[in-house]
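In the block that follows, a single chain appears as structure tokens, in the form predicted on its own.
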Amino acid sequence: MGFDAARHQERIQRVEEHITKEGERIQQHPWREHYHFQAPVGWMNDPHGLIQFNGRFHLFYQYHPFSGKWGTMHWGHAMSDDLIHWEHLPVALAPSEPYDGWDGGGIFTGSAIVHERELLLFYTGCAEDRQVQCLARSKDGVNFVKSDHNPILSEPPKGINPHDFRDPKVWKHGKGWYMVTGVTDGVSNLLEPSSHERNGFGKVCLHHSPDLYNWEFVNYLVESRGELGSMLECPNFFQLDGKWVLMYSPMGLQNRQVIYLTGDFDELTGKFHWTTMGAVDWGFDYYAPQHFQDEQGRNLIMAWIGSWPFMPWCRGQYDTSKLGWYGGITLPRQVSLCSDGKLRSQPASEVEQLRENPRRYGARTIEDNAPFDFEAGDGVHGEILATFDLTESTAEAIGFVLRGSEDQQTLLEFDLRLGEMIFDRTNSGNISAHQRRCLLESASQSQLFVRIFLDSISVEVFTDGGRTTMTNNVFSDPASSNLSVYTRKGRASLRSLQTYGLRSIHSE
């Protein structure tokens, strides 16, 4: 099939005109993030195509620019020198061909590589009767031409539902190229609401190619029997610290949004022998992280801050979609493997350039029913670093009140008795007012260290040395900005508390 460049450009231009018309109004809303990336208008979800090309970072993302709800998808595009300050670029890919869903779901998630001085994008075209894998290329990293060979992979393995064959992640290994995709053998159609109730088993499909155009099925990297999910979306497979990591977003596992498996890859059979399983992030609003390696050799991931309306905790009008936009992207995180096979992630150091108004609070004892008030920036946009000496603490729980006011508060609590971290947005202003709990390893250790990033609507939490993270949206009133530390049933020894304001990336 040929590529109609004029039609593609016309569809990109239509998006740019809409952004120009609506962008200024949307940017002024107080819930717009200050230092997390967001699309200028419209709905956004999965980041993908993350890569450093000619020294600059490229971020692509799933994008429906014409409303605050999911629709016919495009590839939004932004570029950065530092992973923090992003320049919005014209849409990289718009649905313009029958194979890439110009009258259906559009262009779905994929990945990017650099090959022969060109930036190549691999993506899923969501055509009317199936999902197919496609290729586009660019010499300048801005203007993309879809391949005349598209689709480069149109048939899933036998027995796989053609409507669940997507999210190609491509990398070079040895003399050839590998591609993983998420597939399922159940009967479903992503364009129908009922499709999210799946009865099949998810798999990660592995293909190999000598030339990026001709792909041969190798094997199923992993196959779920129910324990891994009914659809394994946005798979990433990469080497890390002597092991292999498979990271994906499962459907059918209730509160599990992003899973990682670590182990060994058998290149002869194409099977992944995993030994360790964990959650990349335990929050409500963390989905579809993508891994890439920068020119320094750092292993980095970025993910969507958001939830799908069909997820069990989304009740009614949960988000900002009626305002004409929804979704954001996490701070970049550098990942590594611990000796026990568990994943560790920490915010990339570039975020520290945004710090201002530092405040340091001395060691003190926090008593039950006597919370300690403190400041971090304006209380809405800031960073908190706190260390507690658990050997000198008797409290059953230590907690933070975030985004507090007379009517609203968000609680981040560390239950030392039960060994859990609890994020409670019951009184945050969310219609989706739930708690999210996860294991807290530090509860049985001598010290608890926590790092918290607050933005207009998002909260990113890091603890357990980066082995436990949690990301959530909080739709609180802008005036809800009080911060404090509290305890339950005993005292806590606060060894150090350092806070910063974080500057907006839009005002620099």
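One rule holds for the numbers: they count along the sequence shown, beginning at 1. Just so you know, these numbers come straight off a predicted model, no measurement behind them.
Form predicted in complex with a small molecule: not shown, discussed below.
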- [ ] Using the partner position in the predicted bound form, report whether D46 sits within 4.5 Å of the small molecule, counting heavy atoms only.
- [x] yes
TODO: Spell out, yes or no, whether the shortest heavy atom distance between R166 and the small molecule in the predicted bound form is within 4.5 Å.
DONE: yes
Task: 4.5 angstroms heavy atom contact with the small molecule in the predicted bound form for Y326 - done: no
Task: Proximity of E233 to the small molecule in the predicted bound form, heavy atoms at 4.5 Å - done: yes
TODO: Given that the partner is absent here, state which listed stretch (67 to 75, 139 to 147, 292 to 300, 410 to 418) has heavy atoms within 4.5 Å of the small molecule in the predicted bound form.
DONE: 67 to 75
- [ ] Report the residue, out of F372, W308, W171, F217, that has at least one non-hydrogen atom within 4.5 angstroms of the small molecule in the predicted bound form.
- [x] W308
Open item on the list: Under a 4.5 angstroms heavy atom criterion, identify the one residue in Y287, F388, Y260, F423 near the small molecule in the predicted bound form.
Closed with: Y287
